[in-house]
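Only one chain comes next, encoded as structure tokens, the form predicted on its own.
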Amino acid sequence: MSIGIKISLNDKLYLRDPQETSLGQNIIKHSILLIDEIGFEAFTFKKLAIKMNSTEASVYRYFENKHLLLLYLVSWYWEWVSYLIDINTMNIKSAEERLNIIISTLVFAHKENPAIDYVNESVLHRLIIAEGTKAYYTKLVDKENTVGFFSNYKMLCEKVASVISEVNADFPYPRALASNLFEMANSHSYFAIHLPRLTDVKVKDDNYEEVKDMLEHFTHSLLSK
């Protein structure tokens, strides 16, 4: 059963909101699957159109280029994580407990599937791990930042940083720790799968429990000092 969640994103990312039409939702669905399958470098709108049995022109009616499409998918994911954090920490008074829930949520967000039928969160999670940094590690980052393309990610990090400051008001780097939690979750998941000598955690059969344990260890070690 699908549910009616609509993720709010910067309207400059798209020419037409893909969440509002069946064709747009199909673009989101198949772009996630195809980028996961062949990688962002090999991904093109022509290949996407063939995959979804449509035309290349129909894809261009929604997105100007594949970079903006990737930005859209990455932004969608971070907004989804933010939504889950709000739901999972609701009515939790202890800041320490909320921070533990946040860490668990950012690692296991792909497991909390609300049956949004055009988004496979598990595949999107793999895409974020493998391709996510390509959305903002570009020469255009400063220009795109001025029009708010990364506001979802920045607001998410601010949300986590505020909880970190609740846990330890004297900790001098709450934003740095918050952003590192997200970046480490992805980079060490990637290392565990592809470059295991660069990390101490293991990921097997879609089990990211050791990634969560690592993040909790770093976080509590820093905040207890």
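Numbering starts at 1 and runs along the sequence shown. Owing to the predicted nature of the structure, the values given are computational and were not obtained by experimental measurement.
Although not depicted, the form predicted in complex with a further copy of the same chain is the subject of the following passage.
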Inset, instruction - Establish, in the predicted complex, whether Trp80, Ile85 and Lys93 all lie within 4.5 Å of a further copy of the same chain, using non-hydrogen atoms for the distance. - result: no
Inset, instruction - Have a look at 71 to 79, 85 to 93, 145 to 153, 98 to 106 and name the one stretch with heavy atoms inside 4.5 Å of a further copy of the same chain in the predicted complex. - result: 145 to 153
Inset, instruction - Using the partner position in the predicted complex, report whether Leu23 sits within 4.5 Å of a further copy of the same chain, counting heavy atoms only. - result: no
Inset, instruction - May I ask you to state whether Lys47 is within 4.5 Å of a further copy of the same chain in the predicted complex, using heavy atom distances? - result: no
Inset, instruction - State yes or no: in the predicted complex, is some non-hydrogen atom of Lys159 no more than 4.5 angstroms from a non-hydrogen atom of a further copy of the same chain? - result: no
Inset, instruction - Classify Arg61 as contacting or not contacting a further copy of the same chain in the predicted complex by the rule of any non-hydrogen atom within 4.5 angstroms, answering yes or no. - result: no
Inset, instruction - Just give me the residues of 168 to 187, first to last, that have a heavy atom within 4.5 Å of a further copy of the same chain in the predicted complex. - result: Phe171, Pro172, Tyr173, Pro174, Arg175, Ala176, Leu177, Ser179, Asn180, Glu183, Met184, Ser187
